[in-house]
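Read the single chain below, which is given as structure tokens and is the form predicted on its own.
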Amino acid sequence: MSNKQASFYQSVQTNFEKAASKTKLPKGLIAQIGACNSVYQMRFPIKTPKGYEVIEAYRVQHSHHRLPTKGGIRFSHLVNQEEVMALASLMTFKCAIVNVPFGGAKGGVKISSRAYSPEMLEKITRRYTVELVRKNFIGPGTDVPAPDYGTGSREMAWILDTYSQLRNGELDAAACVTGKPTAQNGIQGRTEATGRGVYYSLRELLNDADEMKKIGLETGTAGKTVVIQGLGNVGSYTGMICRDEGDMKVIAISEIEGTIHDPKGIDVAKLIKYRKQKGTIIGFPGTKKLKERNDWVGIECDVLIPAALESQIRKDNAKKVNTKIIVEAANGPVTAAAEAILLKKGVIILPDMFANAGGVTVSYFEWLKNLSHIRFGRMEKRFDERSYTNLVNTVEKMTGKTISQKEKSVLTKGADEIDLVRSGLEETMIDAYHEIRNVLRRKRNVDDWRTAAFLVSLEKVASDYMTMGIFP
């Protein structure tokens, strides 16, 4: 086990204990909430062109206070049990913060997806699913996986197909996994969900006059400078939405091949196309490459968004941070030791359990869609459009004035699935922001966003346990 990953798990425990110390909950209840309920460690063989290989994999169910449990599956050569336990723990608190009725879970397969062909990845994914089914670690009402680092809709489709074959005839089989392709019982808006949730959380903070006054920033998103580490799914959508909907300037992006910088702003959508063509972000027109890839952490900006892996901002580089806001788009990118340094510098840190909860929120919508067996908007869209059209026609008739067909189309449009998903996500993130904000205002002994977020989730999880009658 690497020190880096052990530090991530310890950081989660340290942050949890810090928040728990500020509650009056029974010690036994705190211990139960903090513990991982079930840990499944597995080894299974696969046949490769070079012979047989033994794959190491995990599935952790952190909390059964709500069922099913929910969490992504990570493919990474760095995967180990403590990392998966830490990620599962965060999922419990994340679900509670955004009022999604799941317990936390997480899965990990210790492979580098770049080292295998699509055919071999399919073999590994399907065999992993078989192992989960054997031990009852997957199912619509038991445990519902989703994509994470190194996986996507393709892998989720393989999981669904394997599960459906093993559970032939199960009515709600499609709800056994989320993040599926839309053509295979997925939901529109899931791919962008985490990045969009990051943007909504940041937008709420930037529009908060009291918080902006503390750090000397003007309210609003327009013109704010942003540095993003990681151009995967989360970083890509975060960057595009910040630029297109928030009128923010993404001035630097860091990836495995290096870090590029342009103070005038980077068009993230064009950069993504460039990288697909060239295989690198280096050389993108208008940008300069930093000598040291890891120097992204010290670039002066209004908002720093680590969107890659855990433990990227640590005790050894925290003093280099030159921003006023950090938004944790990745899971655990700031260690507990680094956070202590940053808080003394007056940096606001929007914690991962809130900022990147967009993925699990829209996964919840997908799960509901699969259980109801009907897409969102199907029942009401045309009815709403007719009602709006009648209303506009009536107003035109009464006023004697008319509007253009284009204006009428905008006013009378019924909601598609993507509209409802985005609206539901926005409402969820705004509500969660104000729940956390209220704790910061109400509790004198809480002065950072992570502790406030933990307290919000702790109160909800504790209430569920007490309702169950386990802890009177």
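One-based numbering along the sequence shown. If you're wondering where the values come from, they're calculated on a predicted model, not measured in any experiment.
If you look for the form predicted together with nicotinamide-adenine-dinucleotide (NAD), you will not find it shown, but the lines that follow are about it.
Contact here is defined as any heavy atom lying within 4.5 Å of nicotinamide-adenine-dinucleotide (NAD) in the predicted complex, and by that definition not a single one of 32, 103 and 457 is a contact residue. Of the listed positions (201, 129, 254, 178), a single one reaches within 4.5 angstroms of nicotinamide-adenine-dinucleotide (NAD) by any non-hydrogen atom in the predicted complex, namely 254. Proximity to nicotinamide-adenine-dinucleotide (NAD) in the predicted complex, defined as a heavy atom within 4.5 Å, holds among 315, 123, 288, 293 only for 293. Contact with nicotinamide-adenine-dinucleotide (NAD) in the predicted complex, defined as any heavy atom within 4.5 Å, is confined among 337 to 345, 323 to 331, 219 to 227, 241 to 249 to 323 to 331. Remark: residue 94 counts among the residues lining nicotinamide-adenine-dinucleotide (NAD) in the predicted complex, judged by a heavy atom distance of 4.5 Å or less. Contact annotation: residue 150 falls within 4.5 Å of nicotinamide-adenine-dinucleotide (NAD) in the predicted complex, judged by heavy atom distances. Within 4.5 Å of any heavy atom of nicotinamide-adenine-dinucleotide (NAD) in the predicted complex lies no heavy atom of residue 298.
Under a 4.5 angstroms non-hydrogen atom cutoff, nicotinamide-adenine-dinucleotide (NAD) in the predicted complex has residue 308 among its neighbouring residues.
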